[in-house]
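Only one chain comes next, encoded as structure tokens, the form predicted on its own.
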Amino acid sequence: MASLSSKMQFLGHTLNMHVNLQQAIAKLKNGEVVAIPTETVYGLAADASNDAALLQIYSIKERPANNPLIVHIADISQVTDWAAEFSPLAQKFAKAFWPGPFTLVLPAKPHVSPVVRGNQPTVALRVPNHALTLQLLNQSGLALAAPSANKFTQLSPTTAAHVAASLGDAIPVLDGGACRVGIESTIVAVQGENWQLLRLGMLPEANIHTVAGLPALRFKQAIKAPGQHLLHYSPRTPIQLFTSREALVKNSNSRTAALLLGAGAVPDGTYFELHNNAADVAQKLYDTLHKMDALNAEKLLIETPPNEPAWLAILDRLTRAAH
């Protein structure tokens, strides 16, 4: 058993990694990485104009270099610092959905580093809807690249504790509490007056269509964006998805753990039950999967939601997690 002094030393080390706003700003300006909260998930942030800092993100996450990073900015006025084209359609989207869980992919200006772009000709931009992170962006004057603060393809973090579980307690964390949305942002690419949906999020596609006034297109040249990897958002424990409660219960045993949506028959073994409401499930999904993963079960059995618009982002995350 560890001595009391060693326990206190470990505890002190852990607490030292929780930084306040001014400490986070100082570290980021010094070219370091800091895990920061957003309304979607916690991001591993670095100065988006500092290549050495950006390379730390890729190294810590073990993320492929061709996977672009989302640049978090304080307000719409900063878009033209990064984007070569900010068309009327893109402006309509930004005004309608920022701050919020919505990312715009636009043609990049020549000076934008290929490191943050993942060697793509585009740059991904977002204004997060989180008071502490907006304060961080405004006070620091920095734009921050901030992919999810976890190892590549693994479960995204929605609390500060999740960050430590994935990346270790040496990563400084600005703790902003549990994330309100809980699912990564919707990503839309805009070229002129046309748009394409690149990643599903909790912002319904119908809302985007309404603002655009025209349906999405599939661009001739493929556009790379975060979250497109077939295996993603995945716990270490194998996952099996079930479209019916009956089939899930039949396959359960004392060595499995299950995630249920709403009331009904319950399986053998450990289970977690979430309200059968898309926004509630999204907010709690990753936290619940983190808890299930920690059980060291043989398999996680997950009841999938209906294939309906409100649930599509959750279905996407579960499908990739189980790939």
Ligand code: AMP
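Start at 1 with the first residue shown and count on from there. Remember, predicted model here, so these are calculated numbers, not experimental data.
From this point on, the text means the form predicted together with the named molecule, which you will not see here.
The named molecule in the predicted complex is approached by R63, whose closest heavy atom lies within 4.5 angstroms of it. The closest heavy atom approach of T122 to the named molecule in the predicted complex falls within 4.5 Å. Put simply, H130 is far from the named molecule in the predicted complex: not one heavy atom of it is within 4.5 Å. Within 4.5 Å of any heavy atom of the named molecule in the predicted complex lies no heavy atom of V173. For the options V190, L248, V163, A146, the one in contact with the named molecule in the predicted complex, meaning a heavy atom within 4.5 Å, is A146. In summary, among the residues R199, K151, H209, R180, the only one with a non-hydrogen atom within 4.5 Å of the named molecule in the predicted complex is R199. By the 4.5 Å heavy atom rule, the three marked residues E39, A74 and L136 all fail to count as contacting the named molecule in the predicted complex. Residues of just one listed stretch (76 to 84, 92 to 100, 248 to 256, 221 to 229) have heavy atoms within 4.5 Å of the named molecule in the predicted complex: 221 to 229. Along 61 to 78, residues R63, P68, L69, I70 each place a heavy atom within 4.5 Å of the named molecule in the predicted complex.
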